[in-house]
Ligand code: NAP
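Shown below, as structure tokens, is a lone chain in the form predicted alone; questions about how it binds or moves come after it.
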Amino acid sequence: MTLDEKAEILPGDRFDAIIVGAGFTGLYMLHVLRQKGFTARLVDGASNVGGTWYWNRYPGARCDIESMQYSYQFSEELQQEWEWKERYASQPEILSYIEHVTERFELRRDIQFDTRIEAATFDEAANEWAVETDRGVTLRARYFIMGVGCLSAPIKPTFDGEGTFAGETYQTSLWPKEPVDFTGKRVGIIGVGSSAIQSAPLIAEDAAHVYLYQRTPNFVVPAQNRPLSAAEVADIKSDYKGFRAKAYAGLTAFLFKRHDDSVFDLAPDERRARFDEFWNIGGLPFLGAFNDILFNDDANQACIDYWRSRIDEIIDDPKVAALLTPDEEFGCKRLCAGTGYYETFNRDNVTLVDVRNKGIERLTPGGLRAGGVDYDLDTIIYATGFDAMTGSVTRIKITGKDGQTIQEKWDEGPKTYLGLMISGFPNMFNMVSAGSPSVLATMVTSAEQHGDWVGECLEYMRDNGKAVIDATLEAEAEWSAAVKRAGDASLRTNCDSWYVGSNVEGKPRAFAPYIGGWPPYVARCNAETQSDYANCVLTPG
């Protein structure tokens, strides 16, 4: 795409705030600041709104939080007028919803599309941020707000011979807008994370053959997706506010059935009946069957035993079932919700290729070589995930006080205060990211909670004649320790996952999100506001 084909560069270069990212978080932040009388410019590298839902257009892309909850709640009119079609919304439906919100609240006029932030530097003399774009324009603002998302920095491995492959290549996290036709093609999918789990069954319906190259298997439970009934929607909308309040009071701000008893409180037959009940509920709520699945090794193993019994019922070949069984704790990685994933391996045109030891050796003109075997392919799909939690931040050259960069600050893992502020980076807010519940809570609810907190903070600064706010090192250290303690209490820290950054070579291992629960987190954020930001240094302006 040439510069002339990109979105027009909007006028103006100085604002109260610059927001990065036009997904759920950035859009809500823009709305809040407008309501409070601040000027803002939102910048995004895409050609339209949507954030991760703009880029991830691969077949079967779908949310794993129920649509009636994976949506904004700040406007009752919006909640009532939008009609979700399915229990778990598809990517096209979510993108349509985000576009609707953008138009309904007239947000587009303050969004600069087709523009990436290359660097941001805090000007200590002027107490403002200078933000450089790839369009040759430098924007200046008192506040710099990152709404870039936890899963928006794609990673793609490199292989010997990559330039020799003569076929088509795609990446699930950067999928083209135009439909891709797999009819009659031999397709290789590298990776078996969520995007492969969602896309492979659909691709296999059209392709001549699909090869899934698996290094590490994932636990998958059925999503049990279905159309939403008119009666179900009407029931929720009859008291949407009350429905949301119940969700907000929960551990993850996501309302679903939970039991507060141990796996071992029930006799074996009762235990299996409970697991059966939650298998039929499907998706992430499966973890609500018992309260100790993620905290007790024996309880976790009982869950694995049940899961394996269900997989053995589905997959015809015991050897394939064994290869698809992870050698780690259940739910240690983010639990994947699938539709027909395991059934796909019963198809004659689907082959699972185990590459956990030898890996993929190289690409060839006609496909790839793995385990000493050459596979003839027409298409290769990289379903290889993200530099999660921090990658979308550290890919930008961000420089705070005394010339310190964010890369230097986080060289041993992310350090934040409340997952919102980073000491030494004044007037910068990093939303719904490391150090907050983010990916362990309902993301849209997290976006609204953070947006309201930041908006209230900026309003306080304006009303009290303050020019700069910066979290103290002591507060940051205390909160970072709290994040680590909460993570260490869970089995989620035991395995290699994007939660700890182990999927990126050379990345420091640290459990990035706060797993201590949504209500305690919100209470801590509210306490900071109510104390007039006692754990921060505020400088008059």
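Just count from 1 along the sequence shown to find any residue number. Here the structure is a predicted model, which means the values were calculated and not measured.
Form predicted together with the named molecule: not shown, discussed below.
(message) Only one of 429-437, 192-200, 401-409, 105-113 has heavy atoms within 4.5 Å of the named molecule in the predicted complex; I'd like to know which.
(response) Only one stretch passes the 4.5 Å heavy-atom test: 192-200.
(message) Check G161 for me: does it contact the named molecule in the predicted complex (non-hydrogen atoms, 4.5 angstroms)?
(response) Answer no; every heavy atom of G161 is more than 4.5 Å from the named molecule in the predicted complex.
(message) Is F386 part of the interface with the named molecule in the predicted complex - any heavy atom within 4.5 Å?
(response) Yes, F386 is a contact residue.
(request) Answer yes if any heavy atom of R334 is within 4.5 Å of a heavy atom of the named molecule in the predicted complex; otherwise answer no. (result) Within the cut-off, so yes.
(message) I'd like to know whether I515 contacts the named molecule in the predicted complex, with contact meaning heavy atoms within 4.5 angstroms.
(response) No, no contact at 4.5 Å.
(request) Let me know the one among W479, Y28, Y54, Y58 whose heavy atoms come within 4.5 Å of the named molecule in the predicted complex, would you? (result) Here the answer is residue option Y58.
(message) Please tell me which of C303, I145, L324, L151 lies within 4.5 Å of the named molecule in the predicted complex, judged by heavy atoms.
(response) Contact with the named molecule in the predicted complex is made by L151 alone.
(request) Pull the contact list for 212-235: residues with a heavy atom within 4.5 Å of the named molecule in the predicted complex, in sequence order. (result) Those in contact are R215, T216.
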